[in-house]
Structures are given as C-alpha cells and as structure tokens.
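Coming up is one lone chain in structure tokens, specifically the form predicted alone.
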C-alpha cells in the first residue's frame, strides 16, 4: 500500500518575479516502511515537495494523499500532521520550552493525550533516540547532535507513521551527523518507520531503499542507490558531484584497472582494492 501518493503536483511561491515553478509535474509514491532519499542541489525543490506531505504548504495543483487522507480537505490537516512528522535543519527552531520534558509534552498535550500517560510517553520517545535521562535538562545546553535527537523525540512522541528529515544533518559536525544517521537507520530497520531524508550528501543517500533525484522542481530519476549514485552523467546533469568512490572507480577503469563493481562507499572501495593485490 502507498502511504504517500502524489500526482502531477505544481507549486509556485508567491512573489517570484519569474513565476518559475518550484514543483513542476511531480509524481511521487512511497510504500509504508520505505526509506526514500530526496537528493538534489539547493533550490531543486526537495523541501518544497516535503512540506506538501506535512501540510505546511497548500496544494495548488495536482492530487496528494497521505495515508489515504486527501490533503485538499482542511478537516484532514490535523491528522496528516500527526501521521507525517518533520525534523528541520535547525533544531533550535523547534523548541518552545527551556526544559526538554516540557517541550516534548507540549505536542502530546495538543493531541489530547491523557495527562497521566504523558510522562511515560516523553520517556519512551527520548529512549528511542538515546536521550533517556535528559528530561530535566535544557535543550540549549546540548550539542548539535543531541539537540537534533531531542527535536526528533518530540516528533516521535506523537507516533507518526512517516518521518521527514529536512536537511537535518546540515548544521552538524561529523559526530552529530553520525548520531542522526544511526538513529534514522534504527527507526527504519527496528521501528519500521517510513522515512524521507532530504539531503545533498552522497554518503547519506547510500543508506536509502530508493533515491529520487531532483532538479529544477522535477524528479529526473528514481531508483536504488547503486543505480543512481553510480551514474556519473546523471549526477553531473543534476549539478551534483558523484561520490568519491565512484569517481575513483572511473579513474581506475580509465587507467585499465577494473574492479568487480562500482563501489559507493570508502569501505566498499577498500575491500575491492584489497582483492586486487
């Protein structure tokens, strides 16, 4: 079953002098439990598309259903935002309280959770992201990666079926990025959440079940990471630099050195180079 079904979406931001479409004829489907990366350079339409899924942008043209709910019906908006949670680039913009447990509880209160259950739900959400025991702390005293995990806990507390990560690793250092990526994989593999990860980082796109490559408001290619990321002409046409292992694979092939398959990660590249010796 498709948990997201979009057909022929068009969108233009008000006031754009050129009236250029930010989304132009987008068709998008996602199965429950799938992990999809929206890959593309800045301005390609990734975030604009994702904000339609969460109801943050109104549908101008086309059809869109989230878990069977028609986004055109205003009566569905509240349920859509509960089914489809969103984690943004800057976690500080998501905090409304100076105490972590109060911040997470705020969302639960808005969805009329029984008051006697809220403390347990807050603890459960923090445990899912490895932040149990931080209930009484201030989010502003945490590292970037910890802040992002607390912001994610706030989303997880309302039990969404879909979680969108909108460039949520962009402002983090290497350690913080690894923490978030590990959490995303855990949510996908152990919790069976449907994940949409928006990024321009090739090493993050490798983790997905499917990559939808975007350029100028359109999805120009869709497929498994090994097909999309190993296609140098395709990535170049989307103004993206192919992954380093892919570029090295091509350089080696041009030099007459042939590996068994095109590696996507440094680990895969190292393994194949070792087999040559």
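Nothing here was measured: the structure is a model prediction, and the numbers come from that model. Numbering follows the first chain given and starts at 1.
The same protein also exists as the form predicted together with a small molecule; that form is not shown, yet it is the one meant from here on.
The small molecule in the predicted bound form is not approached by residue 201, whose heavy atoms all lie more than 4.5 angstroms from it.
Contact annotation: residue 45 falls within 4.5 Å of the small molecule in the predicted bound form, judged by heavy atom distances.
Within this chain, residue 222 is remote from the site of the small molecule in the predicted bound form, having no heavy atom within 4.5 Å. Put simply, residue 60 is far from the small molecule in the predicted bound form: not one heavy atom of it is within 4.5 Å. Out of the listed residues 121, 167, 101, 179, 167 is the one that sits within 4.5 Å of the small molecule in the predicted bound form by at least one heavy atom. Contact with the small molecule, judged by heavy atoms within 4.5 Å in the predicted bound form, is confined among 62-70, 36-44, 225-233, 241-249 to 36-44.
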